[in-house]
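Presented as structure tokens, the chain that follows is alone, the form predicted on its own.
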């Protein structure tokens, strides 16, 4: 069996310029470790912060693993908050003045987990030692400890790595590997399958063969994980610039079908996801994914896009527990592609200005650029639309001028609110957009003439 994915990221042995936020968080975590050590306890940096420092990245936060019990942590840090005391997890908050958010450091007691009956959390935990704590974690690259006080430079910022699971070797090889038995790790919490994809995509790693096989074999079991947790993982994938790699892995491992509750497409790619800018709204990235999954035709005909705009938002809202705003933006972006490809050419000045001033316009234009890349160059739509929009910006007050009249003006003219109200106002505004009404009086004549 071969590993799935690519691995282009190596452990950074030299330069690691932590950003200011990471330096502050590291300093606070070292302060906490110092107090724990002074009182006779073992304590290390743990998990993602160790991995990120080894990769030359700036961790967002620093977690600490210790042999001190939660009650002991509370004794040493009276303001510590129990966020999962049964699992040995406490939070210590350090204020940084009014201008900066507080630093929150997670302190977890070394533990050994029992069975995961709910496929999310262990039924019970037993406080243990550092080695047993490493062996209960998900992937080897996340099961590393770092003693930041040791006289060593395993990471540029200083410290000695403690590795019970050959995680450093996997980091060097660019591999996401389950700790111990892959089947057992996935059975404990099926969300780990999505986490494996997220890490592989983010770091440009491959998923180790046995881990990938276990994910593929149990992909359907992801349907038993709560939609909120699935949605959170997918949001994190599609918020990252490597979103197209994540999408390809989701399809290859059968996780997309399980997560979305949809049959896998006959053919799919990542053409639109590949062409999105690094930073883009999650809903827009998901719209690109929907089009990439839409069918075998490239680009999918506008009629198929219209069907997707009608069906995908509701289905994906349920599958990922999308918010109202996310669902609306997903729907509007897909529908916007339809408007631009089907309606723009035959639209008049007012209709084009309304489209160009719409909230969905820029999002749809991003996707249109990708769809243009799938057509013959002579059929490209976005450049032609951009030229027209630029000309419209300089005509008759621009794309989105303040209306010359409002409903209050119509009421003063004796028109009662009712079904005609909106139609009269829209007629007046169309005339304004087209330059046929340039004053309040002209706009009122158009509106009243539409009764």
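Because the structure is a prediction, the values reported are computed rather than measured. Residue numbers count along the first chain shown, from 1.
FYI, the form predicted in complex with a small molecule isn't displayed, but the following is about it.
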Inset, instruction - Given the small molecule in the model of the complex, answer whether the residues 75, 88 and 127 all have a heavy atom inside 4.5 Å of it. - result: no
Inset, instruction - Using a 4.5 Å heavy atom cut-off, state whether residue 138 contacts the small molecule in the model of the complex. - result: yes
Legend entry - the small molecule contact in the model of the complex: residue 70, any heavy atom under 4.5 Å: no
Legend entry - Contact test in the model of the complex: residue 142 vs the small molecule, heavy atoms, 4.5 Å: yes
Inset, instruction - May I ask you to check whether residue 48 falls inside a 4.5 Å heavy atom distance of the small molecule in the model of the complex? - result: yes
Inset, instruction - Sort through 236, 317, 298, 242 and report the residue having a heavy atom within 4.5 Å of the small molecule in the model of the complex. - result: 236
Legend entry - Position in contact with the small molecule when the complex is considered in the model of the complex, options 37, 60, 412, 393, heavy atoms within 4.5 Å: 60
Legend entry - Options 339-347, 318-326, 199-207, 305-313; stretch whose heavy atom lies within 4.5 Å of the small molecule in the model of the complex: 199-207
